[in-house]
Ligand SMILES: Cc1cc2nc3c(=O)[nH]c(=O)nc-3n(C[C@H](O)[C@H](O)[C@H](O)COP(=O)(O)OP(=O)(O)OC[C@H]3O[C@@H](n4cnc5c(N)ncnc54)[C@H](O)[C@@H]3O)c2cc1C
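To begin, one chain is listed below as structure tokens, in the form predicted on its own.
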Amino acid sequence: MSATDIPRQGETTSPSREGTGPPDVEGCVARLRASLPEGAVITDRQKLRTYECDGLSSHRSVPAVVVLPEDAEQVATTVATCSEHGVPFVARGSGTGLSAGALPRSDGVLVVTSRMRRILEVDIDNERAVVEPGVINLDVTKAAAPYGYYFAPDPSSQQVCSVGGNVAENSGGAHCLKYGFTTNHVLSMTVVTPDGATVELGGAARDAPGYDLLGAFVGSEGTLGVVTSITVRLLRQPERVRTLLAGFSSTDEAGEAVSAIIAAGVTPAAIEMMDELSIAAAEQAVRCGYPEGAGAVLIVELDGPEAEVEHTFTEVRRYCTERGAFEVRSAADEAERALIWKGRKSAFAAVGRISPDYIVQDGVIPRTALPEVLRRIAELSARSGVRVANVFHAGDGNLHPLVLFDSSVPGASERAEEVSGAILDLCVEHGGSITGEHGVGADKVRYMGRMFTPQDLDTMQYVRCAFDPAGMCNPGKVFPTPRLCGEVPGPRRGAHPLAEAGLADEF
């Protein structure tokens, strides 16, 4: 498809959406039930509600149908059937996403890959593994560990999140400072395109010839197709790992320590920061034993050859002390290291102990702007009366402010949304981005115009139109609508189409 073939805004190439009426959900379900094993197609209202949101529960929509494929062939059958009947579809893994990226369509099919959890191959000789999309992130490392290898991407939800979801969002995690995001660890994928065809992207080599379609797919948030297998890189476990915990009186001091460490040419595996409010929540939840009275803590992890780690550890300790750390300690063993990380990795859930509701944000700023932006967030919080707990990947400037509120209080949700948006404005103002690893999804669509012009957005949409000219694959996500390909926002709530036809299992 050439650029001149791409439909302009307001035009459509989707006869199923515009030319021949609404999606044929009834016909789609009948065909799916005839093609897939018993129990793979769900239309029972109560069961469907299990899938009405991902980790961002403020966005909800009950899908018309849920399909639970067990292999790649069943995924292809499902997608091809949706395409034939003009039914939009959304892929979902473990549902741990935080941008409403897997928000279902109330007139569409939700393709849930949670039954596709096979590790197909662990190829140590070539330092790679082949996994299905529903495989849990941490399980890849568990499979490789007996051979002295591991899978580097480690989102905080790695005990429950799936590799397919990591691919969709290009997830990072604490160690992305040194090892990069998911895209740096994916060699190839098998993908079902929106018309039901199966294609291979990438190859066994790290730099496959031709267009980088693999790079385009990773991080596309499920808008270009459904992945059915992923070949990932495995890394050799480092010779030495040392983890440092430093307590500071303020986030200003901690931010300055981060800048000093990076400016000195030291590249830790991870540098994480938590402020006073998030520390209090973590202590309540897991008793992690962070320095008492700290206004901020830094978790710095170094790994690699033993001599190098010991040298850089001494440097990092010195930079923290010089920038005001009143307590610096190192993990004496694996149990202490695990406890330090438990406080950080439980932070999002722990905030639920101090607030009934919260919004998880995901902005990015230059590291040098950390002290200034954190001050501005504190001022914004004080002025609005909305509490904000800060937890983030300080090493690469990926902020995760948690905006706290109580939805039972009139106007509280709206004020929290305003503060959340203002934080993203701060990130853009300082040369950053509205998302680092959680994605745009449905939640941040309205903020895309703050970073990009309409022409920018149309240009980006060309890629999506090339893969999915009918706009059936996870429509309404990432880009403001209506845009190219005739994409229009779908209904989020309302009557279930199968209930009206009398075909739902139990309504």
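We number the residues from 1 along the sequence you see. Just so it is clear, the model here is predicted, and its values are computed rather than measured.
What follows is about the form predicted in complex with the ligand, which we do not show.
- The chain is drawn here without the ligand; in the predicted complex, the stretch among 138-146, 234-242, 307-315, 166-174 whose residues come within 4.5 Å of it by any heavy atom is 166-174.
- Residue contact with the ligand in the predicted complex: Arg105 places no heavy atom within 4.5 Å of it.
- Interface residue remark: Asp396 is not counted as part of the site for the ligand in the predicted complex, having no heavy atom within 4.5 Å.
- Among heavy atoms of Gly95, some come within 4.5 Å of the ligand in the predicted complex.
- Contact check for Ser162: a heavy atom falls within 4.5 Å of the ligand in the predicted complex.
- Distance criterion of 4.5 Å from any heavy atom to the ligand in the predicted complex singles out Gly101 from the list Gly101, Gly255, Pro268, Pro194.
- Just one of Val90, Ala246, Val87, Ala129 comes within 4.5 Å of the ligand in the predicted complex, counting any heavy atom, and that one is Val90.
- Shown here without the ligand, the chain has Pro155, Ser156, Ser157, Cys161, Ser162 in 148-162 lying with a heavy atom within 4.5 Å of that partner in the predicted complex.
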